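The data below hold one chain only, encoded as C-alpha cells and taken in the form predicted alone.
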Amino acid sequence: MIDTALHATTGGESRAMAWFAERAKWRWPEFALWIAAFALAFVFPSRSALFNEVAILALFALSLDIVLGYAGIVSLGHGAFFGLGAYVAGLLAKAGGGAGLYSDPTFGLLVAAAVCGFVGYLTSFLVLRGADLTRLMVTLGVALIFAELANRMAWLTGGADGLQGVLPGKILGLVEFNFMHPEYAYLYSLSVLFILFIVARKVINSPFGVSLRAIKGNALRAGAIGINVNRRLNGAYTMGAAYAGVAGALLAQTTAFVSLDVLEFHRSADVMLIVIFGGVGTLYGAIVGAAAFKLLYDLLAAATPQYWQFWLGLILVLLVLFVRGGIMGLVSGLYARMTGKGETP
C-alpha cells in the first residue's frame, strides 16, 4: 500500500515536471519575433529612435503585466517606479560625469532595479491591505506622493527644468554610449528587454508563477491549499516595481534627460492601455501591445492631430468588446488553428 502511494506521488511529480518542461519550451514564433526585433536596427537604422521607445515601453508594460496579468493587482500608480528608476539612473550618471562606475549604464540599471524593488516591497504591504478599489487608490496615492516629492526637491531633481547633465559612460566599461547612432541605444534597450523577458518567462512558468495564477483565480482557495498568498503577491509586486525601474532607467540613459513628466499620471494610464491592448497575462502581449500602441499613436496623431485620442479610445473599446484577450487573443486563436494546440507560448 505504501509502494502504491509512493508510485502515485512519483507519477504526479513526473507529470508536473513534464508540464513545466513543456511550458518552458521556446516555439518558432518566439525565435522569429526576437530575430526580427534585433534585425530592425540594421534594416531600418533611421527609425531606431522610435524602436528604442517601443522597447522601453514594452519593458514597462511587461512589469505591469506581471503585477496585473498574473498577480491580479490592479495599479494606477505603476508610473511611480518608472519615474523613480529614471531619476536614480539619471542622478548616478550625472554624479559620474561620463566616467567611472557611477556612469556605467549597467550599474545604473542595477541600482535602479534595487531601489525600485525595495520601494515596491515596502509599498506592497499597503497595496495588499484592501480590495481592488482600495488598491487603485493606494497605488495612485503613492504615485502622487513621488511626483510631488520630485517637484519639491528641485535642488536634486531639477524640478520643472528637468535633470540635465546626464552623461552615461561606457557600457561595462567597453562600449561607448554614442548618441549619434540611435541604433546603439535601441540594441542596448532591446538587449536589456530580452534578458529580463527571459527571466520573467522562467518565473511565470515556474511553480511560483503557477501559484500566482491560482491566487488571481481564487485567493481564498489558494490560501486553503497552503499557498502563502501575501508573500507571493509581495514578490510579484516587488518584481514588477524593479522591472519598471529598469525601464525608467533606460529612458534616462538613452535620452540623457529626466523631467517631471516621467512621474505624470499618463505614464501609468498609457501602460495600462498597452497591457490591455496587447493582452493581459500573456507576457508577449506587453511587447506586441507596445509596438501596436506606438504605431497607432504616430499614425493617428499625424492623420488627426486633434482627435487621435478619440480614435485610439474607440479602437481599444472595440478590441475589448469583440476580441477576447487583446491582440494576443487573436494570435492565440490563429496559433491554435495552425498547430492544433490550445495556447500560444
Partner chain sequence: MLTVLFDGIAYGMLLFVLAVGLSVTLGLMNFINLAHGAFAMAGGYIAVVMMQRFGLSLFWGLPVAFLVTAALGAFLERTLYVRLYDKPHLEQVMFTIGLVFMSVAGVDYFMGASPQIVDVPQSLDGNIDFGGVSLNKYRLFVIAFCAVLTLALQLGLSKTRFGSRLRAAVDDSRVARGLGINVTTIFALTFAFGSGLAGLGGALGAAIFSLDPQFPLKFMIYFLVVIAVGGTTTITGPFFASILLGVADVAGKYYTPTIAGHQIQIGGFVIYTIMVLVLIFRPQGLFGRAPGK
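Residue numbers count along the first chain shown, from 1. Because the structure is a prediction, the values reported are computed rather than measured.
Below, we refer to the form predicted in complex with its partner chain, which is not included among the displayed structures.
**Student:** With heavy atoms only and a cut-off of 4.5 Å, decide whether Leu321 touches its partner chain in the predicted bound form.
**Tutor:** Residue-level check for Leu321: yes, a contact with its partner chain.
**Student:** Closest heavy atom of Leu126 to its partner chain in the predicted bound form, within 4.5 Å or not?
**Tutor:** Yes - in the predicted bound form, heavy atoms of Leu126 and its partner chain come within 4.5 Å of each other.
**Student:** Test of understanding: in the predicted bound form, would Leu110 fall inside 4.5 Å of its partner chain by heavy atoms?
**Tutor:** Looking in the predicted bound form, residue contacts with its partner chain do not include Leu110, since no heavy atom lies within 4.5 Å.
**Student:** With a cut-off of 4.5 Å between heavy atoms, is Leu144 one of the residues that contacts its partner chain in the predicted bound form?
**Tutor:** Yes, Leu144 is a contact residue.
**Student:** State the residue from Val192, Met272, Val119, Leu233 whose non-hydrogen atoms include one within 4.5 Å of its partner chain in the predicted bound form.
**Tutor:** When its partner chain is considered in the predicted bound form, the option within 4.5 Å is Met272.
**Student:** Using heavy atoms only and a 4.5 Å cut-off, determine which of Val138, Ile171, Leu187, Leu91 is in contact with its partner chain in the predicted bound form.
**Tutor:** Contact with its partner chain in the predicted bound form is made by Val138 alone.
**Student:** Only one of these stretches, 53-61, 303-311, 282-290, 32-40, has heavy atoms within 4.5 Å of its partner chain in the predicted bound form; which one is it?
**Tutor:** Partner-contacting stretch among the options: 303-311.
**Student:** Are there residues in 144-159 with a heavy atom within 4.5 Å of its partner chain in the predicted bound form, and which are they, in order?
**Tutor:** Sequence-ordered list: Leu144, Ile145, Glu148, Leu149, Arg152, Trp155.
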